[in-house]
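Next up: just one chain, as structure tokens, the form predicted alone.
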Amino acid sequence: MKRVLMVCLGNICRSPLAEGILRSKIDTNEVLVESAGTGGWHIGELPDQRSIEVAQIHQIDISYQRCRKFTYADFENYDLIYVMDSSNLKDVLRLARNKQDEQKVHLILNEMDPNQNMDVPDPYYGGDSGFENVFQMLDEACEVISYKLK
């Protein structure tokens, strides 16, 4: 079974959406998808209500997810680690123990636009339309990822 981890800052907006979107596109008996945050402020909490709502609009339920913090063990427990932005990338790579760990970590939008190193913007402080925009970006990236996982 392939194991994929989606990572953002607080694990309440972008990575829960990415987890839910990718789950909706793959066979969950063949691929495990989860999410985490580089910060620990929201451990145990539900995703942001705006993320839950935008996912529901697209017939995806993320309301069961609970936030957790990224740990060293995630390098052992996952085959692919997708981060949402360059700040998350630095934070995750700082915890990498070796080249093998580093090679598992990818900026998610590079799946659509290789080597462009574009960030998924954090919609937390933006309006509701920011969540829909982030959903669309992640949906496109997860479509590419789902094909690669087949």
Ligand code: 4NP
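Sequential numbering from 1, following the sequence displayed. Everything numeric in this text was worked out from a predicted model, so none of it was measured.
Not on display, but discussed next: the form predicted in complex with the named molecule.
Interface residue among Asp122, Glu111, Glu53, Asp91, judged by heavy atoms within 4.5 Å of the named molecule in the model of the complex: Asp122. Cys142 falls outside the set of residues with a heavy atom inside 4.5 Å of the named molecule in the model of the complex. The named molecule in the model of the complex comes within 4.5 Å of a heavy atom belonging to Trp41. Using a 4.5 angstroms threshold between heavy atoms, Cys13 counts as touching the named molecule in the model of the complex. Contact annotation: Met6 falls outside 4.5 Å of the named molecule in the model of the complex, judged by heavy atom distances. With the named molecule left out of view, the stretch that reaches within 4.5 Å of it through heavy atoms in the model of the complex is, among 103-111, 23-31, 54-62, 41-49, 41-49.
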